[in-house]
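The chain below stands alone and is given in structure tokens; this is the form predicted on its own.
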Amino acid sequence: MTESVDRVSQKVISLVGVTKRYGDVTAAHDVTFDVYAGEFLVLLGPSGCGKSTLLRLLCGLDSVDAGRIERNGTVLSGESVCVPPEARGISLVFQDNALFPHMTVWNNVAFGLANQPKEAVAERVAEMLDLVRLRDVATRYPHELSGGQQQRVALARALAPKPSIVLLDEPFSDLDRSLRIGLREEVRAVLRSTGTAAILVTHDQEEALALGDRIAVQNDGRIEQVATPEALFGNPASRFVAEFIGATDFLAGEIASNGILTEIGALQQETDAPIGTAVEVAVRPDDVTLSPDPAAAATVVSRSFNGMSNVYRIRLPSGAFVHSLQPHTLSLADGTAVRVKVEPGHKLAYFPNHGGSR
């Protein structure tokens, strides 16, 4: 499912019905989405879902079996067409940055500009190193830099030829958390300042929600949904998307005239399924409230302390579990009987429950 977007900017990259097989494995199945000028699109999904395959197809390291890939309306890959990587106007930043260890920072950034006049190369390299704030280390070698500096050099090298789009293959995954968070914001700011479109591949939902203008969720070679982070989180198009984004529990329920009936009460919201339909409601920890009640049938199973908050795992009378996000000031022991309610303040997504009613 692709979210409708109203954009005045042009499409930079279009994938139309792209399919790629490796033997009996279909790594990309009928993939269709667009990337617009200046857009930061995140390709999100679990390991092995086909994300890296799409990057290989985009940059020309593999050819499509069906469908086509276009850049600014020109076919790069398709039936009997496969433009070589160096002629695509697409740059790739690898997970391990892939800098040349025998070259200085300056020469690494200049590598893709070999066919330009010397003066133009010097001007462009200086511009890129200033952009990533690394002019002062221009004469150093990659092994003399920190991991974050190496990734910034890799980004400068990718941007130097002025590509239409930059592909980022999990570039922050090898960095520690504090450095990763800071660097990803720097990278986003650099891309914003140049107006360069980008596709970032990641399996980290927090990273995707923080960085993406839109997110394409991939599962088993298929794109399940393309939407803004807010739309993806609030209106998941499939059970997989709901489960993958945002620590989701699923509460069995049944469609009623006044909403959805569940074992912990009725959800008052509009539905479009027939009365009596068995469903699963996507419930996140911030949707669930609880309070100690010795007469209640639900119990606290465990507590996860996160500094500013506690997340409680609650066993319901049916044996199902839900989680509840509470302030750090509420401390409940394991085994505490609690009254549980779902009070989201907004409409919750629900999906057919083929296992039966509540």
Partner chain sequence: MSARATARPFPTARSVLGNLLPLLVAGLVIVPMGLLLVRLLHPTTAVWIQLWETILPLMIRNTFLLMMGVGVITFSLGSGLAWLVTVYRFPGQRFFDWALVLPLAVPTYVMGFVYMATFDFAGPVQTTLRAWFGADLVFPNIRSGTGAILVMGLTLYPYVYFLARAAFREQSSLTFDAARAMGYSHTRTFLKLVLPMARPSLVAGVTLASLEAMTDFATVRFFNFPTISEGIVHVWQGMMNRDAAIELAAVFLLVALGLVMLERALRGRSRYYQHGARDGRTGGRITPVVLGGWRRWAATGACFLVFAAAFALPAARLVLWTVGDLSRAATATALRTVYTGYVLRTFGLAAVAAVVAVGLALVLAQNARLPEHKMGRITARLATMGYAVPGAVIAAGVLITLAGVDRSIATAARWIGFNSSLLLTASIVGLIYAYVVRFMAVAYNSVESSMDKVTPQMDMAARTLGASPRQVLWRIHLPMVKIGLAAGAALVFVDVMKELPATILLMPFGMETLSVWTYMLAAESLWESAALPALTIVVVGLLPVLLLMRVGRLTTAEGHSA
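Numbering follows the first chain given and starts at 1. If you're wondering where the values come from, they're calculated on a predicted model, not measured in any experiment.
Keep in mind that the form predicted in complex with the partner chain is missing from the display, and what follows is about it.
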query	finding
The unique member of Ala320, Ala296, Cys59, Leu332 whose heavy atoms fall within 4.5 Å of the partner chain in the predicted bound form	Cys59
Position in contact with the partner chain when the complex is considered in the predicted bound form, options Ala126, Val75, Met103, Leu183, heavy atoms within 4.5 Å	Met103
Glu70 within 4.5 Å of the partner chain in the predicted bound form, heavy atoms	no
Distance check, Leu41 to the partner chain in the predicted bound form, heavy atom within 4.5 Å	no
Close approach of Leu232 to the partner chain in the predicted bound form, 4.5 Å, heavy atom	no
Contact flag, Ile90 vs the partner chain in the predicted bound form, heavy atom cut 4.5 Å	yes
One stretch from 260-268, 241-249, 109-117, 214-222 that, in the predicted bound form, holds residues within 4.5 Å of the partner chain by heavy atom	109-117
Residues of stretch 121-160 in contact with the partner chain in the predicted bound form (4.5 Å, non-hydrogen atom)	Arg157, Ala158
